[in-house]
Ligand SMILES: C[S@@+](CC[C@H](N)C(=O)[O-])C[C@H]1O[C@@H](n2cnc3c(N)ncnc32)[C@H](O)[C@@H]1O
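We begin with a single chain expressed as structure tokens, specifically the form predicted on its own.
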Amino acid sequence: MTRLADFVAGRSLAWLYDAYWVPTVLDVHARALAEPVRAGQRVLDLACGTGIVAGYAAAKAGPAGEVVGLDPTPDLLGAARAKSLPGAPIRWIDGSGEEIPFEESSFDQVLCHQGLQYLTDREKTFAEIARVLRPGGTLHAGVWSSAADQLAFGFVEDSLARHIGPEQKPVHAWSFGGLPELARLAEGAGLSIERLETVARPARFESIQRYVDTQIACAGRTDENGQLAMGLVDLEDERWLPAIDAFAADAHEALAARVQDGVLVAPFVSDELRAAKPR
């Protein structure tokens, strides 16, 4: 087995996601996304993953509120269901943004943290968001900025494409299209834009090598049977070791100046939208 296979050690995508991506990159963005939630509100966490935003939203909404986490990925949704989170009651539902299973005007707020990149029909999803928002309700969404705008990690896209394969360019998570695409979709759904901004917040990894391991091993991929599998490559196949080592060398060169007391501290950059449904 490779060292990355040992890093995974039979753990699920959801476990690795919570253990490595959430505390290092996602948490600071998730907290900010849920900040506008108010006591007693009904909130939809769209593409909820393992429930990080839903948890913060529930704490803000309190016992009088309600939070719904919606996601189509069974492994991630199962991990969310297993959590006990304080605050408002949370319901976890298997579903997608293209067909939100709720009536019109069901929610005060819709939150979507780094999920819009993976939509198959963006226009339909934004129309659905507008439909389920109450008049005056708001959508708060964040999508990762493009590779060119990732101040520290922009090298990743070219490096992965060069060493792992051209299908890694662009990195899917960074492929949404920026603030203009957010604005186009929101306005096309009849929402009024209140905030449209690019924000950099710090990511922290215990080392550059941990970042490399997380990037390679904690990404999901579709295997030859169409099933979700661990890692950008087959971690059991030692033929990938030279490519992984080459990517690691690029990472150490690109990120060495950002190590502080042994810890890698660097910004992940997100394009963010707040848009309201007219009253």
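For every residue, the number given is its place in the sequence shown, counted from 1. All values derive from a computational prediction rather than experimental measurement.
The following text describes the form predicted together with the named molecule, which does not appear among the structures shown.
Novice: Using a 4.5 Å heavy atom cut-off, are Ser175, Gln215 and Phe268 all in contact with the named molecule in the predicted bound form?
Specialist: No, the whole trio is out of contact, none within 4.5 Å by any heavy atom.
Novice: I'd like to know whether Glu187 contacts the named molecule in the predicted bound form, with contact meaning heavy atoms within 4.5 angstroms.
Specialist: Answer no; every heavy atom of Glu187 is more than 4.5 Å from the named molecule in the predicted bound form.
Novice: Give a yes or no for Glu98: in the predicted bound form, does one of its heavy atoms lie within 4.5 Å of a heavy atom belonging to the named molecule?
Specialist: So Glu98 counts as contacting the named molecule.
Novice: Looking in the predicted bound form, any heavy atom of Leu191 within 4.5 Å of the named molecule?
Specialist: Looking in the predicted bound form, residue contacts with the named molecule do not include Leu191, since no heavy atom lies within 4.5 Å.
Novice: Verify the contact flag for Val68: yes if a non-hydrogen atom of it lies within 4.5 Å of a non-hydrogen atom of the named molecule in the predicted bound form, no if not.
Specialist: Although the named molecule is absent here, Val68 would stay clear of it in the predicted bound form, with no heavy atoms inside 4.5 Å.
Novice: Hey, of 116-124, 194-202, 84-92, 152-160, which bit sits against the named molecule in the predicted bound form at 4.5 Å between non-hydrogen atoms?
Specialist: Contact-bearing stretch, as computed: 116-124.
Novice: Ok, Ala58, Ala34, Leu44, Ile52: which has a heavy atom sitting within 4.5 Å of the named molecule in the predicted bound form?
Specialist: Checking each option against the named molecule in the predicted bound form, the one that comes within 4.5 Å is Ile52.
Novice: The named molecule isn't shown here, but in the predicted bound form which of Met230, Ile244, Ala251, Leu26 has a heavy atom within 4.5 Å of it?
Specialist: Checking each option against the named molecule in the predicted bound form, the one that comes within 4.5 Å is Leu26.
Novice: Need the contact residues for 244-273: heavy atom within 4.5 Å of the named molecule in the predicted bound form, sequence order, or none if there are none.
Specialist: None of them.
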